[in-house]
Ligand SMILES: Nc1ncnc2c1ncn2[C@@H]1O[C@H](COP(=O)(O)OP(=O)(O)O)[C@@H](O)[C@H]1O
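The chain below stands alone and is given in structure tokens; this is the form predicted on its own.
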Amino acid sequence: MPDALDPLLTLMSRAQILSIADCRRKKIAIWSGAVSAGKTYVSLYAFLIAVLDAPPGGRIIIVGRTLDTIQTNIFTLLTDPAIFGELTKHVQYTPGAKTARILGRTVYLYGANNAESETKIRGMTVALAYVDEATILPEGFWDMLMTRLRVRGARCLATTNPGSKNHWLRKKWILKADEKNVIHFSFTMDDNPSLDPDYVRDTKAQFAGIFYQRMILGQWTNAAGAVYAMWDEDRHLVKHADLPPIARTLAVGMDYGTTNTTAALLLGITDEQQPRLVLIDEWHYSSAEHHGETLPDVELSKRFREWLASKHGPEKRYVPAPEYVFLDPSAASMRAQLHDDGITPWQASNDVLKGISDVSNLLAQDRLIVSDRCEVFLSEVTEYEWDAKASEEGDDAVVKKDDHALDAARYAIRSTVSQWKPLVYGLAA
């Protein structure tokens, strides 16, 4: 079997190869670093070797956020002959299954997406564990897993993108590597010789702020200060009358509130040689602006639909009809009301950090412009801040205040990323 692994080494840099050799010196090996730095590929190579050497007295397990992420991040690589060549013949896996066969050993798969997940491995004896994206797993699960590595020769291999400087994985494990029997490897994209230089250049250009520091430089960085520090009215704000032609109105994003503001933003893509995203127009209702009067869902829906019709109705048409309406995932009652009123609302993607990253990177690269009709958005964008207390505790969170239009914009942008990203950046989503 080692002979089957040898050709794969030719695709790696010296730093990557050395990590495979050196990881065997410690019980716990952690690969962190930039996107596309090759850490998953290299760590899986090390994992295959570790499967061959794993003690027979315990389970071999793979852990990820969910079974779906394990399939996407791990088994799409392990079963791809273009990546792992002849070794794929020794990987038997059915998508969605909770077990797999790798090099003749049964491997158990576990999703760990909440604090209760640790009960899945409580009492278990683990001979070898592979952990995907360790920073987004619950700390309690990780701690429990470490106690399960109780047979002689048991090991854990883990990968992650960097997070906050105060993240528990960095503070309690990486910074205490000698004490905790840990070895840590950090890579950047430049450590991956298999990447096309144009891809590296284009990918580096897509990130800004803390996302550039983490995803490109591979640094553990605290989120602090303004979220959209790259916002510049001279670059990003456009008078509505001066907007370029709109090729498509991708979506409406709506953030729903009862006592808080309900806001909706219209997202389009420009009809230009180099297309840009554009926040075309905005609708909102705030009880604070109406002497504390709150509106029932039926009235909110009525006013929203009237506004939407005015944007693309037969008399006042100036943009194409939106292709989707994405609604705040927690707004179940409004979703039902819109559906009753003839609008099919889609549940918005609510991965906050990815959505913020999308908006940050678009602004940094001048790929997003905003109409002066988006008044609430414009009042919020300069005040949006990272939560300093959360950062001290190792978490990335924003201050939940005056962010309704920002959330609506994020819903529309993140939920349509697969459609606009190839056009705006010329890259796959």
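Since this is a predicted model, take the numbers as computed values, not measurements. Counting begins at 1, following the sequence as shown.
The form predicted in complex with the named molecule is left out here; the points below concern that form.
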**Report entry** Heavy atom within 4.5 Å of the named molecule in the model of the complex - the one residue of T79, Q337, T270, N192 that qualifies
**Finding:** N192
Query raised in the report: Taking the named molecule in the model of the complex as the reference, which of L175, I83, I343, V352 has a non-hydrogen atom within 4.5 Å?
Result: I83
Query raised in the report: Is there a heavy atom of G38 no more than 4.5 Å from a heavy atom of the named molecule in the model of the complex?
Result: yes
Query raised in the report: Would M12 count as a contact of the named molecule in the model of the complex, using a 4.5 angstroms cut-off between non-hydrogen atoms?
Result: yes
Query raised in the report: Is the gap between A34 and the named molecule in the model of the complex 4.5 Å or less for some heavy atom pair?
Result: yes
Requested in this report: Answer with yes or no whether S415 is in contact with the named molecule in the model of the complex, where contact means some heavy atom within 4.5 Å.
Outcome: no
Query raised in the report: Only one of 326-334, 193-201, 274-282, 250-258 gets a heavy atom within 4.5 Å of the named molecule in the model of the complex; which is it?
Result: 193-201
